[in-house]
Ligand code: 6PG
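First, one chain by itself: the form predicted alone, in structure tokens.
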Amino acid sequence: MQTDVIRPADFAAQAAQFILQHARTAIAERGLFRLALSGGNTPRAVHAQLARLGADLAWNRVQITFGDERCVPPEHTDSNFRMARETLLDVVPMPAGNVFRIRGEIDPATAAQEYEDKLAAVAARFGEPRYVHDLVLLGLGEDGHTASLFPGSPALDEAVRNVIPATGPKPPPQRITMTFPLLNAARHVAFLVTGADKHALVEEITSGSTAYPAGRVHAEAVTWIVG
């Protein structure tokens, strides 16, 4: 696994440029850019820069998934989909069919299976054992969690399923999350991290610690973009 740490002067703009570079490469090489979005507040500014700097991107060749979702309706203020829609998906010329939303408003087990089946169908068309993202964007919590993979959660031990229900310590507790097998199948993972209070945690994880969930992300290449 290749691990890099980038500490940009302009976090949002340079994170967006990083994503756009991967997008253009994937589209040129494979005709499609498969991107998993992260939740939380950190991506908001990155999305704005993506829309601004990526005006010439072939958005019809971008396929969007979500690393996790809160079990709330899509119009709820806690919905990761709503945040992405307001800050990016409705701003760029993205075909609605290219966005794979996790249905947080239905039974969590049903929603997780539905999402797993959707990704499996695409993977089968590509001849992949698992859906392969070109780039997965992840965040980092103060407790070292990423997506909705929290310390001590049974979800950390999932070795077969790609998408499962999970419970978090903060409201809303019910979540649906991608698992390590799916995250680690990605060509590249980028952690988007802001806040000086997380710098020591980033240093510990990038030094090799697997004590935190984020330290167990071992995709082909992992880049930490730290503001």
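The first residue of the sequence shown is number 1, and the count goes up from there. Here the structure is a predicted model, which means the values were calculated and not measured.
The same protein also has a form predicted in complex with 6-phosphogluconic acid (6PG), omitted here; what follows describes it.
Interface residue among 161, 170, 52, 199 relative to 6-phosphogluconic acid (6PG) in the model of the complex, by the heavy atom within 4.5 Å criterion: 170. The contact residue chosen from 140, 112, 135, 88 relative to 6-phosphogluconic acid (6PG) in the model of the complex is 140, the criterion being a non-hydrogen atom within 4.5 angstroms. Taking the partner from elsewhere, residue 40 is found to have a heavy atom lying within 4.5 Å of 6-phosphogluconic acid (6PG) in the model of the complex.
Using a 4.5 angstroms limit between non-hydrogen atoms, residue 34 is distant from 6-phosphogluconic acid (6PG) in the model of the complex. The closest heavy atom approach of residue 175 to 6-phosphogluconic acid (6PG) in the model of the complex falls within 4.5 Å.
Among residues of the shown chain, residue 70 is one whose heavy atoms approach 6-phosphogluconic acid (6PG) to within 4.5 Å in the model of the complex. This chain is displayed without 6-phosphogluconic acid (6PG), yet in the model of the complex the stretch 146-154 from 146-154, 126-134, 96-104, 113-121 comes within 4.5 Å of it by heavy atoms. Looking at 79-102, the one residue that comes within 4.5 Å of 6-phosphogluconic acid (6PG) in the model of the complex, counting any heavy atom, is 80.
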